[in-house]
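A single chain comes next, written as structure tokens; it is the form predicted on its own.
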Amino acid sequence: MNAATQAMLEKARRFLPNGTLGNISDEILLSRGRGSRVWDSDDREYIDYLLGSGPMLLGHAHPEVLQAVREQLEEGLTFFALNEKAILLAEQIVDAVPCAEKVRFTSSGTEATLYALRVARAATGREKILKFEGGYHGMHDYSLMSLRPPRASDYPKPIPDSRGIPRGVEQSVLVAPFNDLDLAASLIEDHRADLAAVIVEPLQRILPPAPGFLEGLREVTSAHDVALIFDEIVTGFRLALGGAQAYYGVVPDITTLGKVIGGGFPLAAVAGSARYMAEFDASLSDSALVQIGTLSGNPVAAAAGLAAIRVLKRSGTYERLHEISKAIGSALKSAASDLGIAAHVVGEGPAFDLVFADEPPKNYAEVLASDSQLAARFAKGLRSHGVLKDSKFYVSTAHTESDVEATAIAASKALTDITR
């Protein structure tokens, strides 16, 4: 680490809590990115599977996104009013996403999931929500219930994940294990008089839904007029143009979108059926749901999102993305198998990870039982061999066959290092 990097990290520790942005550690200081690669302040190059925690589905500094942003910058950065780019992006979302009839923009995924829950409460007149243990829905109080508890929950009682959350929030949240349809259906039935919504990541972090799980949730929520919310901040425009709901063929009432739709800029959205989205319409009621955001739908982010979607709509884009993702996953699995390490590639398409366990986990409790220390050492080892990842591998359309080969070599070296 050179002197300039050390000085900058010292400055971070002076001015930022714990010397970080609250995301990954201060062990790395990134300076630039291009395509599937990033470079740190010491000019070390990495194959990037962090991708800004997912937004960079086209890779870094995609020329068409940059051009769209440059053009918009000349016209204005933000207006706090309707603008053409936001309207056109909303149109693209409605065209692509099965449940979307209307769209309301926010600036972050946390805001989007918070408003999605509020919409469900407003529409149903009920207060409770059901979420799944280990499910990540941002950083608001309702999300930080059994996101990463140190032990399995005493279902349906949630475990708060952070200090500073009002105790009353616990009384409004029910928790069930992901992929346990029987228990979820039973809780929905028992609490139907008070339950406003079920919120679920259709691909929970890296855990695919069991056959029939999402379909079952759709059936039981419909039967009791409970809103089904798909949190597609991660999966929206990633698994398919229409997101996980198109990929899996299950349509929710409300969905949240983020990451990819901003093309690397802060932008997210709540979308859903006209019935639920009408709650935002002040012209329909004197007590409409209030939602104001200074940068919501700002034209720079919307222009970047429009450019990203134009690229994603081209023939063969998703087929190649899934093909490259599968090749990377196979390389990781082979590297572990060659060394006799019990590990499984868990995930879907361009979002997955190598989990160190005897069997692929199906829910959070089984992820908790996997060897997380070995996983952390593997991620650190990959970094030392020029591959950057955090909690999962995000794959972009910029990743190539050469990246697959280099990742396979790095994985083999990292696994060898940590098993000595």
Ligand SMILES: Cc1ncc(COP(=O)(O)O)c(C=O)c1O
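Numbers for residues come from their place in the sequence shown, where the first is 1. These numbers were taken from a predicted model, which means no experiment stands behind them.
From this point on, the text means the form predicted together with the named molecule, which you will not see here.
Enquirer: Please determine whether each residue of Gly109, Gly138 and Asp231 possesses a non-hydrogen atom within 4.5 angstroms of the named molecule in the model of the complex.
Expert: Spot residues vs the named molecule: full contact, yes.
Enquirer: Here the chain is shown alone; which of Arg121, His191, Arg205, Arg218 has a heavy atom within 4.5 Å of the named molecule in the model of the complex?
Expert: After the contact test, the surviving option is Arg205.
Enquirer: Is there any non-hydrogen atom of Glu201 lying within 4.5 Å of the named molecule in the model of the complex?
Expert: Yes - in the model of the complex, heavy atoms of Glu201 and the named molecule come within 4.5 Å of each other.
Enquirer: When the contact criterion is heavy atoms within 4.5 Å, does Arg238 count as touching the named molecule in the model of the complex?
Expert: Answer no; every heavy atom of Arg238 is more than 4.5 Å from the named molecule in the model of the complex.
Enquirer: Classify Lys259 as contacting or not contacting the named molecule in the model of the complex by the rule of any non-hydrogen atom within 4.5 angstroms, answering yes or no.
Expert: Contact with the named molecule, yes.
Enquirer: Within 4.5 angstroms, counting heavy atoms, which one of the listed stretches 101 to 109, 157 to 165, 208 to 216, 325 to 333 is next to the named molecule in the model of the complex?
Expert: Of the options, only 101 to 109 has residues within 4.5 Å of the partner.
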